[in-house]
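The chain below stands alone and is given in structure tokens; this is the form predicted alone.
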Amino acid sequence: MVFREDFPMLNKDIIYFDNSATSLKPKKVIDKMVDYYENYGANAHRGDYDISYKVDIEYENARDEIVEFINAKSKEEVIFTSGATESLNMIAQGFFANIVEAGDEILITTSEHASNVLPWFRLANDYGCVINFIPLDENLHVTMENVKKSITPKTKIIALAQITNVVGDVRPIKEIAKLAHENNIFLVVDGAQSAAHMKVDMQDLDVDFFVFSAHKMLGPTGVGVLYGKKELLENLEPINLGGGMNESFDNPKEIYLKDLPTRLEAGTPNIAGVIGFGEAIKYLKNVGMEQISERERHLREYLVEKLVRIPHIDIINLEADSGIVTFNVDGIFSQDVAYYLNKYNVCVRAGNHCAKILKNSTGVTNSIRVSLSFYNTESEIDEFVELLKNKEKIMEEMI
């Protein structure tokens, strides 16, 4: 199940536990991108010659792979972007900026990534909306009870990660979507931490918008997806205007745009990235999303079981169904622990993890995050835990 031989980076002497920041890339993805650059590296949707036609086919094949992977209704619902961050900003500025009014309420949580906080903060500042926070329970999770309590007649948008990047909790998105729609509320879901680790089905979840990034799911950097229900995307004003997305323009009053999805993909796209992303989706499908989820839950349980035995380790998210474990070493700054681990070629994340307002709920400003993937192993965890057992050794070697 581990597939380690497929990942060139795993041939190096490292233990890579920073998969929430970005995943490693299988050789098939790398080769697919190199093949584009070496053998048919023309532009997409521009040329009237054979290699350009091949680019068009490969580019749209990648879109088809994603449509099937997330069970969207059609390719018109899958927009290529530079990543989840751009996607969320497009949703906030291209769609909601046109329909919100002063006093409208936007519900988020304190455990959201900056990319699912700052666009809503800007919308609130620009249009007089109100930001309110759904309370987290004692495990820092979102519960249906707290969502219900937070909704008011003014609530227009709920914006949540399906899995958060620090707490690692899996939110009940399908149930939240049902509740939201019963109250005429839009649901926007940040899937950056979920799409690579569990089955996501747009028609089953019934969310209004869903975003994710290729680089967190075995694909290249600089590519992502904005999924939206077609009837909503039809009303999303393009943030970028330019080549490829227009039918014609003769003067400022006569500008005609193309249909979805092209209308929202101005300019030359990250062609190699999109093609590589399509190959990454094929790879994930071959491994199997249920198998990935099961493997990562097992690895997390294995790690937590060993960490809880170490008295100077404080686990912040003891309960979670993802591969994320966040903790601190008592009395030692998180970055210092990360520097110490780096001496032994162990890669972890330390800091606030772009979730700067989570400290309002946890009282913890910085932490160490281990984020596991299906290609990690129990032996790597054993080596990692052994390095953490001796606090004096950490203090002696951390600088």
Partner chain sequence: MDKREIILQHYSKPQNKKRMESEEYTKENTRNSSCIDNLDIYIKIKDSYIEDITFDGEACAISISSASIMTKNLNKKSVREGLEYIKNFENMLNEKEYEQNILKEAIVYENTKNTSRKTCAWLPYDAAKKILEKNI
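Residue numbers count along the first chain shown, from 1. Bear in mind the structure is a predicted one, so any value in this text is a computation, not a measurement.
The form predicted in complex with the partner chain is left out here; the points below concern that form.
Undergrad: At the 4.5 Å heavy atom threshold, is Q335 in contact with the partner chain in the predicted bound form?
TA: Yes, contact at 4.5 Å.
Undergrad: Answer yes if any heavy atom of Y40 is within 4.5 Å of a heavy atom of the partner chain in the predicted bound form; otherwise answer no.
TA: No, Y40 is distant from the partner.
Undergrad: If we define contact as a non-hydrogen atom of the residue within 4.5 angstroms of the partner, is G47 a contact of the partner chain in the predicted bound form?
TA: Flag for G47 set to no.
Undergrad: Does any part of E396 reach within 4.5 Å of the partner chain in the predicted bound form? Heavy atoms only, please.
TA: Residue-level check for E396: yes, a contact with the partner chain.
Undergrad: Suppose contact means a heavy atom within 4.5 Å; in the predicted bound form, does that hold for all of N246, Y256 and T268 with the partner chain?
TA: Looking in the predicted bound form, the three residues N246, Y256 and T268 all stay beyond 4.5 Å of the partner chain (heavy atoms).
Undergrad: Could you tell me which stretch in 60-68, 347-355, 47-55, 24-32 has residues with non-hydrogen atoms within 4.5 Å of the partner chain in the predicted bound form?
TA: Comparing against the partner chain in the predicted bound form, the contact stretch is 347-355.
Undergrad: Using a 4.5 Å cut-off on heavy atoms, what residues in 313-331 are near the partner chain in the predicted bound form?
TA: If the 4.5 Å heavy-atom criterion is applied to the partner chain in the predicted bound form, 313-331 yields only G331.
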